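Shown next as structure tokens: one chain only, the form predicted on its own.
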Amino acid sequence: MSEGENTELEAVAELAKRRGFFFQSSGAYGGVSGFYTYGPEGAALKRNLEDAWRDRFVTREGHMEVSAPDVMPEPVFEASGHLDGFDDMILECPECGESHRADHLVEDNSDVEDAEAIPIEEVQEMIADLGLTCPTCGADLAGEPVEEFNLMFETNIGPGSSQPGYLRPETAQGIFVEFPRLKEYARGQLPFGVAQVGNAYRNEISPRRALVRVREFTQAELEHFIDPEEDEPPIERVADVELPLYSAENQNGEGGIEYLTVREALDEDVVGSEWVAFYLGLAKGWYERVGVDMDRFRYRQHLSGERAHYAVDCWDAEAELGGDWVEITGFAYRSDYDLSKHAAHSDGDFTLFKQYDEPKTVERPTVDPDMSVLGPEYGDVAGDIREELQLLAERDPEAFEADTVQVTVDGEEYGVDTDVANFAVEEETEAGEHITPHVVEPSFGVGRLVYTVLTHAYGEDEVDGERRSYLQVPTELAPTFVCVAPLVSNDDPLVERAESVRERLREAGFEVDYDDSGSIGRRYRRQDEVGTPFCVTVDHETLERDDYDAETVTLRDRDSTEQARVPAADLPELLADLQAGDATFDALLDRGDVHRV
């Protein structure tokens, strides 16, 4: 990380705390690592970002949204694999007892970018070879054991001998476990998508880098359920979108980012899944819309060793922050892993009935064992043997051509005469079949996106001989859209007229701030620093007209700092056009009733 990059993050962190975007929680009690409070500006920015996400990935795509509990019972996570496979590498200092992420220690002190994908034994050897010491006390870490640490927060549901539960480490499981009911709301028709915006929790070993690695965070996830044999994405909608792709092949070699259209990426097998490619293309336009700098953005493919247990193919959207690439979204093809796991561990039906265009006649191998023979001969396991015979018939009908068939129950083999098994092949007419849908998942980290938007929007320049810091956030994300201010605060008529303008704009639906503290230049700087796109100033020229329809005010643009004299009565319409992107401030200056100040 260069000095300039480090300074950028320091400036953003200082601004975030001073202006109320985000700060460490429970500061009165010394603070708690990994937990952050969003202040008034940050909460508004976060809410606007979530609304923009809903607009793009829920409303416009015709998906549904749910809100599941943060706490779920233990069997959910046994089925999902989180109890056994949701671990990070932990290393404890022998001197001070501080715990560290072993893979992060390697990444921070070497050229290795993805130590998480390296086996634990190799990470332990690298720590010794690099001569790493404890970041807290400086003790030698060579030879110290690196172990797995499960990241889930455990809790109890109910008093006494309560049911064990966990704070969810991702919002996705709240969608998957409710699939038997959600499919009814979709009228049993694929494809359909279910979205959720909510908190997730991970007991991170060493939280760091502000909102990048925390213990409580917000996810915006979409689970898109599809028929893998029939459902195809509308690739034509995004075919020409150019993607900055950093493939696994290039990461393993010496290649860098390739710029390929969605169609080229599929034709050249750089992206293996059409559905993943579709969402990469769809999301790129949205990232631009919310203010992610495309010169500091890429899609990186997961290496085989870091791929999640459920992912057939996975790409991360990454943004450059302070010289480091940070994941802001994961795009995964989860196949039928999740639904199949929950089907095996629960009593729910996680399939959909797929009706054929025309009924089909199929041959189905069956057995009808003579239980009057199996029962006396095999006793309690006779029923299990019958089930295994049926499974064998479906799997390997030719096995019944021999005089005796062999089946295994609880590790022990049993021989059954073919005549006793009563094997046959019967014809059946089927109207359809039950299938387990596959899942495509774009999973967005809202906090990391907030941090990215703030960092990429931050700028400094000089206005009227004074240094100015500002946030060039898109208008739809800005915590406050417009600030109204009287030119001076000790002039009662000006204040009265300014308050009237403020109320009219609020009634028109705008997020409006009112500022009458300090010089007008200082007030402009305050609004620039929190990203307010426009300021309206009521001055003495406004008071020259008693008729509201004739009075004018000054409208100031954050980015250019230019000002224009506009009719006060037209403000709601002008601001609505600017907010919707139907007009620009430069175009506004060309209107006959608008005059540059």
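Given the structure is predicted, the values throughout are model-derived calculations rather than measurements. The numbering used is simple: start at 1 and walk along the sequence shown.
The form predicted in complex with another copy of the chain exists for this protein as well; it is not shown, and the discussion that follows is about that form.
(message) To test your reading of this chain, name the stretch in 404 to 412, 259 to 267, 239 to 247, 70 to 78 whose heavy atoms come within 4.5 Å of another copy of the chain in the predicted complex.
(response) Answer to the contact question: 70 to 78.
(message) Can you pick out, from R213, H82, R526, K183, the residue that has a heavy atom within 4.5 Å of another copy of the chain in the predicted complex?
(response) Selected residue: R526.
(message) If the cut-off is 4.5 angstroms on heavy atoms, which of these, R296, R468, R209, H345, is the one near another copy of the chain in the predicted complex?
(response) Looking at the other structure, the residue within range turns out to be H345.
(message) Residue-level question: is G305 within 4.5 Å of another copy of the chain in the predicted complex, judged on heavy atoms?
(response) No - in the predicted complex, heavy atoms of G305 and another copy of the chain never come within 4.5 Å of each other.
(message) Using a 4.5 angstroms cut-off on non-hydrogen atoms, would Y514 count as touching another copy of the chain in the predicted complex?
(response) Answer yes; at least one heavy atom of Y514 falls within 4.5 Å of another copy of the chain in the predicted complex.
(request) Answer yes if any heavy atom of F353 is within 4.5 Å of a heavy atom of another copy of the chain in the predicted complex; otherwise answer no. (result) Flag for F353 set to no.
(request) Give a yes or no for P567: in the predicted complex, does one of its heavy atoms lie within 4.5 Å of a heavy atom belonging to another copy of the chain? (result) P567: no contact with another copy of the chain in the predicted complex.
(message) With another copy of the chain taken in the predicted complex, which residues across 373 to 396 come within 4.5 angstroms through any non-hydrogen atom?
(response) Read in sequence order, no residue approaches another copy of the chain (within 4.5 Å, in the predicted complex).
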